[in-house]
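Take a look at this one chain, the form predicted on its own, written out in structure tokens.
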Amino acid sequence: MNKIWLIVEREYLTRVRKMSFILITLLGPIALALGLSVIIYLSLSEDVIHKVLIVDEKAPAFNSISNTQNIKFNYANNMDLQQSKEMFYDSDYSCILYIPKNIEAGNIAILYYKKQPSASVIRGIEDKVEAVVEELKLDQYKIDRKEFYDVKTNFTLNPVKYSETGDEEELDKGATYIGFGFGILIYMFIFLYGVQVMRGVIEEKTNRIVEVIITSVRPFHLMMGKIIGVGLVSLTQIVLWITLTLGIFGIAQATILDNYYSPEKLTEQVQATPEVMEELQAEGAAKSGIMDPNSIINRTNWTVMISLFLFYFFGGYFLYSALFAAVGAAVDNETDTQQFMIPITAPLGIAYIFSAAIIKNPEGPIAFWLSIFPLTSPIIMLVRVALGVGEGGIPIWEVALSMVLLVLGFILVVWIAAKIYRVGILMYGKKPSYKELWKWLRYSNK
């Protein structure tokens, strides 16, 4: 064990002291958090005043549309669409809003623009046109607005899981997106640092450094030390990335973005009845930020999620890194690894692809089988356990079975990889095939 930890220390310190590691670790979350904050800020804020010319074929049905803080409407009384287009680029109008005669039937209008407006501006125009179209339809069918709102129903189907013990718990599928995010982190870091293990083995093999090292340490200890050392580097980077990203984004959300999530900001551009305003205010309150007690951030059981994330991260990383190390030992250069990389990384790709679908049905049969298969469970199970573990969530026995199978899978893969590593690490000048690897496995048993 002392020899293994010496190798672990060397692998860890060699990588964390590199300037590239320091820069990526520090600049990565800063760029991610600030970039996300800037995108949200620019999409929500709009300093440009848009002058919109309304060309209404149902004139004067839409002449009552009122201005907002950054949208000014002008009604084209004496111009048709073609005339408006001809004078568009010589005018100070930024958009032409064309209202066709059949707007009640088609529910479609056209917005011509010189420069793409922001999503909030387009949505503001949509809301105003929608309110007028609704009034036209009510008038067309002789429906009183009060009666319309008395009849209008916002139906909600609330799924509740009922357990054998009689406990009831609402199914929070939104939480699976948290699990999906953790799964993506595992996918990214397993691939990134697994490849680093493989490249390190190839480099030591081609430089003949390994010939000196194995005079003092067994090949298995060398492989495990390299895997553990690089794994600790990845864990260090994950912790720093998550901490810095959440910290920076939290500061940006509390300062730059806070005003843009207020109900007043969300409703000031909308021309609607008091009833619609109440609905919009409720929606605005629901979007008040990540610090909202009812937000998905606060509904997630972070103790369970982080604990399982660490287990599946290390389990998945050790399993795949052992395979990567075996591939590195079997070849002389990175070009020769392609024939072995595809079958190794295919399960990771399958897990990533299916995880997006499992968000919608985290308790289906596909979700179950992929979450207990060791090569896909590190990603899939994290999507599922975001619902919770035990009553109201994923059964404890499924999580336990997945964890046990992952450990057994890791032991089996390390046993196989160690046999290939032991023979291949000193094999030069020969491009191996799957048949050759099978011979190595049999040879190492003698």
Partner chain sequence: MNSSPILSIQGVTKRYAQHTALDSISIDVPQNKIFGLLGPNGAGKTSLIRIINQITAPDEGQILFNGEQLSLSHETRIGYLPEERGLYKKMKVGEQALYLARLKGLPKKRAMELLKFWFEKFEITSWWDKKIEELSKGMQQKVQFIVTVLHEPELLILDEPFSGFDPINASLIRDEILRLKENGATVILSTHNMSSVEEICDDIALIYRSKKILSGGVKEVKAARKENIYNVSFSGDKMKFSQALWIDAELLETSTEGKLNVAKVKMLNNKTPNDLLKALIPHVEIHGLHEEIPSMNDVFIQRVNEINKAELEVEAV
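Since we're looking at a predicted model, the values are computed, not measured. Positions refer to the first chain, counted from 1.
Although it is not shown, the form predicted together with its partner chain is what the next lines describe.
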Check T14 for me: does it contact its partner chain in the predicted complex (non-hydrogen atoms, 4.5 angstroms)?
yes
Next item on the list: Please run the contact check for K431 against its partner chain in the predicted complex: heavy atoms, 4.5 angstroms, yes or no?
Entry: no
Quiz prompt | Contact test in the predicted complex: L23 vs its partner chain, heavy atoms, 4.5 Å | solution = no
Item to complete: Please check if Q339 has a heavy atom lying within 4.5 Å of any heavy atom of its partner chain in the predicted complex.
Response: no
Students should find that, of N77, S216, N74, Q116, the residue having a non-hydrogen atom no more than 4.5 angstroms from its partner chain in the predicted complex is S216
Students should find that, of L310, A105, I143, V212, the residue having a non-hydrogen atom no more than 4.5 angstroms from its partner chain in the predicted complex is V212
TL;DR on 180-188, 311-319, 87-95, 217-225: the one with heavy atoms within 4.5 Å of its partner chain in the predicted complex is 217-225
Residues in 408-427 that come within 4.5 Å of its partner chain in the predicted complex by at least one heavy atom, in order, are L426
